[in-house]
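Before any questions on how it binds or moves, here is one chain, the form predicted alone, in structure tokens.
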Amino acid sequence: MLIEKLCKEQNLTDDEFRTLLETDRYDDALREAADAVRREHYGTDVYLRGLIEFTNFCKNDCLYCGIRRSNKCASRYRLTEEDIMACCKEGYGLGYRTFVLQGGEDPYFTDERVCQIVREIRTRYPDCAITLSIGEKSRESYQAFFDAGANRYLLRHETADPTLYSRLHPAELSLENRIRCLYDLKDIGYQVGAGMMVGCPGQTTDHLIRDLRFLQELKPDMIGIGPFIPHKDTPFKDEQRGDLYLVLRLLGILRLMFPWVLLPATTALGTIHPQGRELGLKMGANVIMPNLSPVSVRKKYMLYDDKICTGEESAQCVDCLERRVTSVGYQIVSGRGDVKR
């Protein structure tokens, strides 16, 4: 049986992956197996990451992204260092031990500014993990952030197919450079997160299989996947959103391929279905990233339309999150939630 083979070998042939991805016949068995593997490695623990979206300025013009530089309708903002520290203080008081600083590729935030922020967080909260998600940089920049105290870096590769990558991004961005960044980050010593956008315009099953092969080579510590969701002010505004069940299927496959991996149930998954993150947890996910950003800016960091950004998914509503997580048989735990290889 395909699921048994995937559990045992953590690999399948391309045709076998295609069968799993294109049919729902194995979904129940995949869910049971993925849940069993996550319980073997992580028990019922679900780790929280406090997300701080500190700038929605971006020099890039990716065709799918709501904060692309060409979007004149975006209401731009930058948090000050004091704003960011206030978010961390609140998050620490709520029990968060990982902070994720995410933003567009904003030239205002020079290496010096980023390092200053990271050093301040490291000084004030030495027991916390600091994750950066600020795009493509030079190796020297990544090294400087690491030396300042950053532990983890999230950089989704989006797609491992060069042709599809070029359809989604402007000419000045290349898959080759994105991959260079990921390997630089690994070599420096970060816990590295990659991942793909599921259901983006032009994507096929073969593209997703290529993503799985790339992840086999990279062996990241974290894999973040989510459905493509169109944004009304981008060239892809009329495209169809990604399929919930395909994302869930991929989560289950990834859990069986990479038993140790940290696997988020993403905000995008919760955006396309009210129980999306709970369904993701049942398919092997073990991380949730609630929003710690100031309420005044949450609706401005819109990578896609209809993003959930206040209410039960916010970092302040820990009790609501706990109820959601326990309702499907898991428990929120405090702590950094490092990868268990």
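These numbers were taken from a predicted model, which means no experiment stands behind them. Each residue number is its position in the shown sequence, starting from 1.
Heads up, the form predicted in complex with S-adenosyl-L-homocysteine (SAH) isn't pictured, but that's what we're talking about next.
Although the partner is absent here, Ala33 is not a contact residue: none of its heavy atoms lies within 4.5 angstroms of S-adenosyl-L-homocysteine (SAH) in the model of the complex. For the chain shown alone, Gly104 is a contact residue for S-adenosyl-L-homocysteine (SAH) in the model of the complex, at least one non-hydrogen atom being within 4.5 angstroms. Mapping the unseen interface onto this chain, Glu158 counts among the residues with a heavy atom inside 4.5 Å of S-adenosyl-L-homocysteine (SAH) in the model of the complex. S-adenosyl-L-homocysteine (SAH) in the model of the complex comes within 4.5 Å of a heavy atom belonging to Ile229. Taken together, Ile134, Arg178 and Leu303 are fully in contact with S-adenosyl-L-homocysteine (SAH) in the model of the complex: each brings a heavy atom within 4.5 Å. Considering S-adenosyl-L-homocysteine (SAH) in the model of the complex, the lone stretch of 91 to 99, 108 to 116, 256 to 264, 126 to 134 in range is 126 to 134 [heavy atom distance within 4.5 Å]. Taking Met197, Val192, Leu248, Leu208 one by one, only a single residue has any non-hydrogen atom within 4.5 Å of S-adenosyl-L-homocysteine (SAH) in the model of the complex, and it is Met197.
Scanning Val287, Cys65, Val37, Leu279 against S-adenosyl-L-homocysteine (SAH) in the model of the complex with a 4.5 Å heavy atom cut-off leaves one residue, Cys65. Along 13 to 46, a non-hydrogen atom within 4.5 Å of S-adenosyl-L-homocysteine (SAH) in the model of the complex is carried by no residue at all.
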